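A single chain comes next, written as structure tokens; it is the form predicted alone.
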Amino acid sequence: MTDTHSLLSLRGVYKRFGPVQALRDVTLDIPAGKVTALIGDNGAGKSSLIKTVSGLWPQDDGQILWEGREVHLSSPRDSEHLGITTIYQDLALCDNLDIVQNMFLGHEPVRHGILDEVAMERSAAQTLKELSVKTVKSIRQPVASLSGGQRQSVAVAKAVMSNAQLVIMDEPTAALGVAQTRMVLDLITTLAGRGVAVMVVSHNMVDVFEVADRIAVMYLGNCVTQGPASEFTRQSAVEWMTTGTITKAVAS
């Protein structure tokens, strides 16, 4: 039965590559305005699930529902049209362009046949302010000069400017220092506070339990459990990840 409160729902989703079963009967709910952490060991199916939701790998069986309505995601454009933005680890930013140019790349406003730089700068500055991004010295800084946390901020701001309703973040704090990690976690919380659904894929249990409202665990291509983060402990989460089951009562 479909959860009417979910922005995105997967029902019995399968993805195969020849004899390899990448996703097996996946059922998952992603509510709006909440941070859902997608966790699992290497090879559990997290990347396959992300790429299926992003339209890169259309599912072989099952349903994907958006606001309760079945949708068919045959390409990344289909997902983007719904409001799904995926921020991969490489961030897909252009180092040779500045912050403003990256945020508007491919969607530059034109006025009287000329690039409207003033409107671009105003919108970029306002979006960064609304996301409480305060460490950027100038919105005209080349992206190549930014720290890892600042680059994540630009990628998220770009998603917000495209009116994303679901932002998927793949290992957003990987290889970041303490201060930069703090910046990104605050950004995720701010994003959810704006009503945006956030799916965070992470191996870092400390980060997961700090920002996640919900946790979903992948094991051998299947989502074996999902629920409020308060129903999990780090120990139970790791047990679900490594065995696909739980032997003790989950902490309440």
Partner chain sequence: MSTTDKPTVDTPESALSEEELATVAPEVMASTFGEYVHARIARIKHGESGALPVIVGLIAICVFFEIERSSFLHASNLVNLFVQASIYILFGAAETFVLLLSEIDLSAGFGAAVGAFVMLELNATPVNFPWWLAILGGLVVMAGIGALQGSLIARLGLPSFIVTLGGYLGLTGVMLEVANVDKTAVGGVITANGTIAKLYSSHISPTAGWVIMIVCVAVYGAIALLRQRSLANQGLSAAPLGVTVLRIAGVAVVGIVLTLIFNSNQGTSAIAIRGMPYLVPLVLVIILVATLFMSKTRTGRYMYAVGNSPEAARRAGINVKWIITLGFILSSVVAGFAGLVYASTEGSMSTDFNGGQDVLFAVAAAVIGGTSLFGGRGRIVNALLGGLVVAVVFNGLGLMGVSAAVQDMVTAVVLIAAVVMDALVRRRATTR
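Keep in mind that this is a model prediction, so the values were computed, not measured. Numbering follows the first chain given and starts at 1.
Beyond the structure shown, there is the form predicted in complex with the partner chain, which is absent from this document and is the topic of what follows.
Asker: Evaluate V133 for contact with the partner chain in the predicted bound form, applying a 4.5 angstroms cut-off between non-hydrogen atoms, and reply yes or no.
Answerer: Yes - in the predicted bound form, heavy atoms of V133 and the partner chain come within 4.5 Å of each other.
Asker: Residue-level question: is E117 within 4.5 Å of the partner chain in the predicted bound form, judged on heavy atoms?
Answerer: Yes, E117 lies within 4.5 Å of the partner chain in the predicted bound form.
Asker: Verify the contact flag for E80: yes if a non-hydrogen atom of it lies within 4.5 Å of a non-hydrogen atom of the partner chain in the predicted bound form, no if not.
Answerer: Taking the distances in the predicted bound form, the answer for E80 is yes, it comes within 4.5 Å of the partner chain.
Asker: Is it the case that V110, even though its partner is missing from this view, gets within 4.5 Å of the partner chain in the predicted bound form, heavy atoms only?
Answerer: So V110 counts as contacting the partner chain.
Asker: Where, among 67 to 75, 178 to 186, 163 to 171, 122 to 130, do residues come within 4.5 Å of the partner chain in the predicted bound form by heavy atom distance?
Answerer: In short, 122 to 130.
Asker: For the partner chain, considered in the predicted bound form: do all three of A92, N96 and S138 come within 4.5 Å of it, counting heavy atoms only?
Answerer: Yes, all three are in contact.
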